[in-house]
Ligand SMILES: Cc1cc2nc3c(=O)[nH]c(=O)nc-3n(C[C@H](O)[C@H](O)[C@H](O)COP(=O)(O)OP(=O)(O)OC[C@H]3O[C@@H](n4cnc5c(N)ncnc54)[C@H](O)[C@@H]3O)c2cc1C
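In the form predicted on its own, a lone chain appears below as structure tokens.
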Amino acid sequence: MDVDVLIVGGGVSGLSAAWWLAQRGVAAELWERAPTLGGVVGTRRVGGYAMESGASLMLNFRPEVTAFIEQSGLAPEKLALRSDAPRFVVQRGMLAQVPTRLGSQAFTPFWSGCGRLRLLAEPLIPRGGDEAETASAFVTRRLGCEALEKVFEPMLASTFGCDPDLAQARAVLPRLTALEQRFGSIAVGVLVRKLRRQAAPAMEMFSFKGGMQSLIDALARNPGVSVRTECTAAVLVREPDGWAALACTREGERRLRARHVVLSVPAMEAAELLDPNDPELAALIGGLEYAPLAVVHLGFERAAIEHRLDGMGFLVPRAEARALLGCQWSAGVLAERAPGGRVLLSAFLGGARAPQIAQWDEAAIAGAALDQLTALLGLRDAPETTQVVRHTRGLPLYHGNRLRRVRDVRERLRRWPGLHIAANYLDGVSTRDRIVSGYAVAGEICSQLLAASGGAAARARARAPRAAPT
């Protein structure tokens, strides 16, 4: 056997699995088909602007992520963001501030009179719904149509790239649906937890001084893992004591035998590797759909923008009939992303709402973003720099009964010892979720290695202390 673990895919999922394995002393090799690591996450600097290719910040409440940041040496690089920074949505062509405090929801002019009364009636709504209930149906049933159209639809369209009419509520709104199932009401659940002093896990929102590229660099800065870029997995075959894999590289073919394989590649690539071994599993994974996403970065002199930019940015409800999903600006929370006296606007387009952007060229995408931002923010001058990042498979769509599909995938995986999947189409699209997924897969592999060996060396390896901060 050449290595304990082969990881296919060098995005955050694969890198996280490799990092956690290395803390246990497990030898791993990672193959990434691209010349760089990180997948859709990374930071590019252009003319003093720090432009993110995907996620620009992290919202964390998981101890695994906190442990990783401390142990990897990333803590000094953290850049805390204001959790109370204003958020906006577009209403009738203008930006309106979204109320974020629970107690103020009933009194803000953001809601109409009927919408306000509907929110107040939420505790009176009986428990309902089932596993297949859509996000739209859940929000409408509990909070009303206005809450869906003004807040939840634009939030889900930007965060998941999905259509809430098709997305499963328990998949994209798990915390809210859990409150209803346990307490019968969202508001009652929040109140009961407060009275019992059972506060939800503390949340922190942050990025890093070097952008999200700092996260990728910390994950890759791992001497316990052999990383090979421009290495494309082509064949995966089950053997009696493990797996045999073949990859295409610039130097030719590379063959490797491993006890465990972790697939952290997009669904279609995973399906191609799995099809010769298990066509049913390949069909379950290959049937998952993705939505395209484009990010348009626009750098301006601050004086060229009329709006105060006194918050995080804004989202766009579908009722506004725009290809634009939203925009984040650096002035309010990420001032370090732009040179002095300048502002970076990062606009997001596409998703399930506007999949046609996959057919547009970069000039058309940038033009659409600039036209709509001009009307909403009062742009007085042309940007001094424009960069477009396109992801043809930007976000996996959590449409249909996704939880049942995930259960079916995991059930099929049990038939293939040593095969694991850590990917955003199974257990969450956020960077936080990907680190947690890597932690879980690494723990499972270590447990199986220990059970298979049963020797003192395996026990020592599985219980080895985590590495000191780099």
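Predicted model, so just to flag it, every value in this text is computed and none were measured. In this text, residue numbers run from 1 along the sequence as written.
The next section is about a form of this same protein that is not shown, the form predicted together with the named molecule.
Q: With the named molecule left out of view, which of 41, 419, 65, 51 would have a heavy atom within 4.5 Å of it in the predicted bound form?
A: For this set of options, the contacting one is 41.
Q: Just one of 413, 440, 406, 34 has a heavy atom within 4.5 Å of the named molecule in the predicted bound form. Which one?
A: It is 34 that has a heavy atom within 4.5 Å of the partner.
Q: Is the named molecule in the predicted bound form close enough to 148, 289 and 322 that every residue in that trio has a heavy atom within 4.5 angstroms of it?
A: No, because 148, 289 and 322 lack any heavy atom that approaches the named molecule to within 4.5 Å in the predicted bound form.
Q: Counting only non-hydrogen atoms and a 4.5 angstroms cut-off, does residue 138 reach the named molecule in the predicted bound form?
A: Result no; residue 138 lies far from the named molecule in the predicted bound form.
Q: Against the named molecule in the predicted bound form, would residue 163 count as a contact residue? Criterion: heavy atoms within 4.5 Å.
A: Contact check for residue 163: no, nothing within 4.5 Å of the named molecule in the predicted bound form.
Q: Answer for residue 342 alone: is it within 4.5 Å of the named molecule in the predicted bound form, judged on heavy atom distances?
A: Contact with the named molecule, no.
Q: Quick one: does residue 12 come within 4.5 Å of the named molecule in the predicted bound form, counting heavy atoms only?
A: Result yes; residue 12 sits at the interface with the named molecule in the predicted bound form.
Q: Heavy atoms within 4.5 Å of the named molecule in the predicted bound form: which stretch among 309-317, 114-122, 232-240, 186-194?
A: Selected stretch: 232-240.
Q: Does anything in 369-403 come within 4.5 Å of the named molecule in the predicted bound form by heavy atoms, and if so which residues, in order?
A: Residues within 4.5 Å: 391, 394, 395.
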